[in-house]
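Given next, in structure tokens, is a single chain: the form predicted on its own.
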Amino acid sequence: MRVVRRFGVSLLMIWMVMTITFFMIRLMPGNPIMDAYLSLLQQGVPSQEAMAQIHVLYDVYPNQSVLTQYVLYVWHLLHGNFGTSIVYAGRPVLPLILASAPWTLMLVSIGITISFFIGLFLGVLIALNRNTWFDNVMSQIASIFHGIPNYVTGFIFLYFFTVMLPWFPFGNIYGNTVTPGLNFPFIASVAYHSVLPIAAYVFGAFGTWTLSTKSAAVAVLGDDFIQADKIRGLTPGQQLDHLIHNSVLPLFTGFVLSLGMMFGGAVFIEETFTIPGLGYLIAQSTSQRDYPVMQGCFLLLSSAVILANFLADMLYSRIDPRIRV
């Protein structure tokens, strides 16, 4: 019953975010659909014909009220229709999102996983060696990378490893000479082009995980059960296992939410390296006022975060007996 109730709350939150996003986007200055309609009128196209052309291209009438547009938008969503792109006239939004999603999911999921485990390892190591030179040095390094935005790291990597030292290619996610598909040249090209974007994400995120893990591990080291482990004669390996397990618990929710947030893409990294992912699609649709694509991307992102929060809540009570009690 609790699961059903929480899932219902999650669906309600998705609807609220979708509604707020719909109206906020329309408060942005300018109206590309009306601009296209006026452009047709200036070309001498009769009003009714111009309105019919706009409806065919964008599945909306320029003179519709915002409330009418909202009702039609919700109705279309219930039928799996996310609308039609304004910039890519005539192209449905959903295929555009589905074409961009794999690149973002691949790059950001790998980046999140690598940065999380590096941060977990370093955080526990720093906690075990607190108040030493290792603690001071590594904490400072983690703090520095925590404060540097990942797009700045991306620009630095881009300059040093594609301009000064041309070790890696610049632009796109695979070479122009390979044929996309499940073949070794294509996979190798994607892996080669992905090194710098993934590295930029890892260096931009591992500092946060390191500092969070250090804080959690230091708190756990002061708990009574750690002293009890030593009194019971547990091996250092068993004590370390207990330490890591209890240190990870506070980070679990953050990790799962990060997996939900990855559907928003690493916007600046994808723009820096010209990767056609969801982040790049969001940036392009925002700058070009492509309302339907913006709505589709924001709906996907908000739904992923809300459902990830629901999943974290459900799983946390399974992995931590204290929550069940």
Partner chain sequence: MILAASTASRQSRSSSLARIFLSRPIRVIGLAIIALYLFMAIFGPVIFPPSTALVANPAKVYQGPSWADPLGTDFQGVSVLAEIVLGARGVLMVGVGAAFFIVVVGVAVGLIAGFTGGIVDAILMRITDVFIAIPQFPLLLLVATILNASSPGLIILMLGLTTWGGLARAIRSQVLSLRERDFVEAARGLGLGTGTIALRVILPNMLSYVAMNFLVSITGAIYAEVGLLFLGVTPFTPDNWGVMLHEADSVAGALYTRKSVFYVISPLMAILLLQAGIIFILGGLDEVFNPRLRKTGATQ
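As the structure is a computational prediction, the values presented were derived from the model and not from experiment. Positions refer to the first chain, counted from 1.
One more form of this protein should be noted, the form predicted in complex with the partner chain, which is absent from this view; the next part is about it.
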So in the model of the complex, is the partner chain close enough to Thr21 to count as touching (4.5 Å, heavy atoms)? yes
Using a 4.5 Å heavy atom cut-off, state whether Leu98 contacts the partner chain in the model of the complex. no
Taking heavy atoms only, is Tyr151 within 4.5 angstroms of the partner chain in the model of the complex? yes
How about Thr179: is it within 4.5 Å of the partner chain in the model of the complex, going by heavy atoms? no
Among Tyr192, Phe134, Phe160, Phe117, just one has a heavy atom within 4.5 Å of the partner chain in the model of the complex, namely Phe160
Note: the partner chain not shown here; in the model of the complex, the stretch from 75-83, 143-151, 99-107, 195-203 having heavy atoms within 4.5 Å of it is 143-151
When the partner chain is considered in the model of the complex, the residues of 187-217 having a heavy atom within 4.5 Å of it are none
